[in-house]
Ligand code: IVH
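This document starts with one chain, in the form predicted on its own, laid out as structure tokens.
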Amino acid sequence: MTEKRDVRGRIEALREQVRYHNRRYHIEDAPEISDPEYDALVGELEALEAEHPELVTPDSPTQRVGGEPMEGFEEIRHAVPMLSLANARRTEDLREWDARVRRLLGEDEEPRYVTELKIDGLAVSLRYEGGRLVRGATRGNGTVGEDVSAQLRTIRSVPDRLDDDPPAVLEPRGEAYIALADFERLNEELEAEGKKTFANPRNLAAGSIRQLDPKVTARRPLTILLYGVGEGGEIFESHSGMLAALKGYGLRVNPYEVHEGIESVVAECERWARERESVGYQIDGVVVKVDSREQQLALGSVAKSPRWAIAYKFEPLAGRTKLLDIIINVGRTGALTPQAVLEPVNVGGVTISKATLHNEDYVREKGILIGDTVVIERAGDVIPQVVKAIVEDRNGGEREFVMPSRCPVCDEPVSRPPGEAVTRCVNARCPALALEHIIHWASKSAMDIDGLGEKLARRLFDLGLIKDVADVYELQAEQLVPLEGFGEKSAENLVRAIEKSKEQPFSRVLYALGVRHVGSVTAELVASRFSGEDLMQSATVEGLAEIKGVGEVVARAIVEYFSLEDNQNLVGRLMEIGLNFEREAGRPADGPLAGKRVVITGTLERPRSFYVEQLEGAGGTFTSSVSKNTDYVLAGEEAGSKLERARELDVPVLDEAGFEELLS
């Protein structure tokens, strides 16, 4: 009993430490420990919880990975409606709104205002009871939203517990969003995998939270900023006081400024209209609110908008210019992407001369011709794209774009598989693919070779010092020293960084290889079940597709990649060089259930995660659906259709005792 108390005490102590450092990092932007030190704390907590699953609690920091997929979202009725805001398009609209506020309040009242940046994300509401997070919901129609509690719990800037004695019930509200840098990084990964990219950060944030599988949400770089309170807000005397209190409770609060008059508000709005791109996340305006809660109540609401708040909306970053030509870029996966060559145009302070046209179908659907006058917008205020052609400006000299039948880099035939939007170069030796592959290989999310950035990779490639990623490991310091910008020390540092990358785990190597459809998460899933040698010699589409989160399309792409002679030669060279192609630790290749596929269904005595860990620790694979390839079904009470399917296919069905017997 004493030992159990000691374990429970250590788990609680670790949870408090992890929560504290989560707050310092994700909410206060002031970390106190390094990433490895933080990872060590989380690792110890995960290990103790795995040994003692009965001590796992829903609000443990380890539970942010997301639970089982949901069948649908339940409706949540907001205790206090989440109102929308009236808009101001001009600064004069702000002055008129100020005059109305003053008129309604009376001559003796002097309103004070608060300004906040208007984040372009997804409006959500959190509900804390007794300081613990119990629920999260989308805004919906303002009265009824969707229960996305499981999804919001995966966001690290959403604390499971509040500090500083919060009210019994508190319903903070805010905006879930994705930073621009994270948005670009994720889109690059999706494009590399041949998947559809997101048009803007808002779509990505909204789509991530509305995933029925919370594990998908957990893999998206979401964060949150809070700007209001529904139920529980009546205790605060002012809006600025409420925001300060939320920050004290450990919540991440939208930055704000307090103003004594409307001219100060106007100046703030004009400033942010000029500096909107300095924020790091997508904003589309400034929200102005009356600070005093008493004055807010006196002003009240009209229809679905409060009279005490207004949103000053920015003009979209757009411009008109001439489409001079459409050229083709060849990416590292062989994708041929049409790119617009434009007469330079200034959009939001940035001169744009090129813009993406995505793919051949996009050009057709938009009816864009070379020579058109076109409208350029910066998606998410960042990525330039052609959104439409001005048909009435045509003079008859325009011409249609034709996707080339041969690669513009290597002159080999290109291919567009049925059902896909992307045309690709299929020549594995195409120089464009080789160079882009080297750049990807050295990137931070892949092999993380410090110092080997895009510019240097291009330079070494153009000089003929490297032709593929294996050549990177043959570089010598004496080859680099004569190059401009290099000295002995910098050359040695780069060679040392290249050598250090050999320590990266197989999942990183697999992702770095650039297999189509295989991103970093998929690479981790595959590397936990297969070694590089397995993938070269014995992996099948069926075997790979059984991995939860992989699927048949990805499995086929992996098998095709490792079956090609050029790729086999490259992987063979990398193995000889000493890179890590070993199966990832923690999932034994042998054991009493080695190679066995097991479905777990129904209500069991312990959480499903407990049985999955036992299964994988014994070398088995957890799968979500019953098929002819399933070896066993572990069935609890109310097992349902999966149990029926197992009986139809004569798959052995185990109870918990039978499962324990197999393990032993």
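Residue numbers run from 1 along the displayed sequence. Bear in mind the structure is a predicted one, so any value in this text is a computation, not a measurement.
In what follows, reference is made to the form predicted in complex with 2-(butylsulfanyl)adenosine (IVH), a form of this protein that is not presented.
- Item | Segment assignment from 539-547, 386-394, 117-125, 209-217: heavy atom within 4.5 Å of 2-(butylsulfanyl)adenosine (IVH) in the model of the complex | Going by heavy atoms within 4.5 Å, the stretch is 117-125.
- Counting only non-hydrogen atoms and a 4.5 angstroms cut-off, does Asn567 reach 2-(butylsulfanyl)adenosine (IVH) in the model of the complex? Result no; Asn567 lies far from 2-(butylsulfanyl)adenosine (IVH) in the model of the complex.
- in the model of the complex, does Pro167 have a heavy atom within 4.5 Å of 2-(butylsulfanyl)adenosine (IVH)? Close contact is absent here: in the model of the complex, Pro167 is far from 2-(butylsulfanyl)adenosine (IVH), nothing within 4.5 Å, heavy atoms only.
- Query: Could you tell me if Asn254 has a non-hydrogen atom within 4.5 Å of 2-(butylsulfanyl)adenosine (IVH) in the model of the complex?
  - Reply: Looking in the model of the complex, residue contacts with 2-(butylsulfanyl)adenosine (IVH) include Asn254, since a heavy atom lies within 4.5 Å.
- Given that the partner is absent here, does Ser445 sit within 4.5 Å of 2-(butylsulfanyl)adenosine (IVH) in the model of the complex, heavy atoms only? No, Ser445 is distant from the partner.
- Task: Check each of Arg424, His358, Arg139, Arg508 and return the one that places a heavy atom within 4.5 angstroms of 2-(butylsulfanyl)adenosine (IVH) in the model of the complex.
- Result: After the contact test, the surviving option is Arg139.
- Query: Of the residues Pro306, Gly145, Pro111, Gly233, which one places a heavy atom within 4.5 Å of 2-(butylsulfanyl)adenosine (IVH) in the model of the complex?
  - Reply: Selected residue: Pro306.
- Query: Using a 4.5 Å cut-off on heavy atoms, which residues of 213-235 contact 2-(butylsulfanyl)adenosine (IVH) in the model of the complex?
  - Reply: Only Tyr227 sits within 4.5 Å of the partner.
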